[in-house]
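A single chain comes next, written as structure tokens; it is the form predicted on its own.
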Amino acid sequence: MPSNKERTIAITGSASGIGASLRNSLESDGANVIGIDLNDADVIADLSNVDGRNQAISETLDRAGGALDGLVTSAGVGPPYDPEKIISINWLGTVKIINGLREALAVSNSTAKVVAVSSNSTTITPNVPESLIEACLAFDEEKCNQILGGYSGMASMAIAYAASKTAVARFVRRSAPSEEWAGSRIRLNAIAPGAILTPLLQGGLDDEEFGDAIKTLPIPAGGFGSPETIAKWIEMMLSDAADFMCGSVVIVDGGSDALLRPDDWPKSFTI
């Protein structure tokens, strides 16, 4: 695998939170990082709409010279935020970028790595409608919006967030073993952080409706996680240590998932 000085890695959401911590760490080790965000980035693009996503793909390919060694999709929004925008940014702003940059990853001189940022909300959020997750995976925005229209307030935002992040995890699981990905020497995996003290989480904590709910989340390891901690995990998932990782969803959440679902993993497999 090339050294960091020879690697080109694109990061969405590079201007703050996990993306910013990861960028700083990778660049300090010599990597060439292409940051994608609404501001303070190499590629300025709005991933909530088609034009912005296409622009992000085109400009990233230009800056990378058509070849990427890694991609991390950390751009995301959550409550309190417009539920429809949560879906468009977290889901479409992830999978469309991953698919749009696949060919550049396939021509890397090494085994390319993709790390999609999911969330432990995929497992600990109750009553997320399966129909909404499947509508995401079918790229049916109209149906997504129709389903979300049946909810309001906190519930609408919470299920939009959990559904978008669950769709990301399922996309990774369904796609990673395929010839298109694993067969093209691209390792596609996801990380599922818990409550990490980013500007996104702080916005929720500061909200009158969501703040108290967030504070009641049990975290056995104590307190919120740091962006720097998650960045270190992602660096490992971008390294040659992850050559044998394929379709993994790694939960790093201080024990919240284990506390709330102690017996739900592993599931048995029979044929």
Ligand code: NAI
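Each residue number is its position in the shown sequence, starting from 1. This one's a predicted model, so the numbers in the text were calculated from it and none came from an experiment.
This protein has a second form, the form predicted in complex with the named molecule, left out of what is shown; the following refers to that one.
* With the named molecule left out of view, which of Ala112, Ala75, Cys136, Ala190 would have a heavy atom within 4.5 Å of it in the predicted complex? -> Spelling it out, the residue with a heavy atom inside the cut-off is Ala75.
Among the candidates Ala104, Ala195, Ile98, Ala176, the residue which, in the predicted complex, approaches the named molecule to within 4.5 Å (heavy atoms): Going through each option in turn, the one that passes is Ala195.
Is there a non-hydrogen atom of Leu201 within 4.5 angstroms of a non-hydrogen atom of the named molecule in the predicted complex?
-> Yes.
**Report entry** in the predicted complex, Gly254 touching the named molecule (heavy atom, 4.5 Å)
**Finding:** Taking the distances in the predicted complex, the answer for Gly254 is no, it never comes within 4.5 Å of the named molecule.
- Query: Looking in the predicted complex, any heavy atom of Leu260 within 4.5 Å of the named molecule?
  - Reply: Taking the distances in the predicted complex, the answer for Leu260 is no, it never comes within 4.5 Å of the named molecule.
Would you classify Leu26 as touching the named molecule in the predicted complex, given a 4.5 Å non-hydrogen atom cut-off? Leu26: no contact with the named molecule in the predicted complex.
- [ ] Mind telling me which stretch in 63-71, 44-52, 204-212, 241-249 gets its heavy atoms within 4.5 Å of the named molecule in the predicted complex?
- [x] Checking each option against the 4.5 Å cut-off leaves 44-52.
Residue by residue through 106-145, which ones have a non-hydrogen atom no more than 4.5 angstroms from the named molecule in the predicted complex? Counting only heavy atoms within 4.5 Å of the named molecule in the predicted complex, the contacting residues of 106-145 are Val117, Ser118, Ser119.
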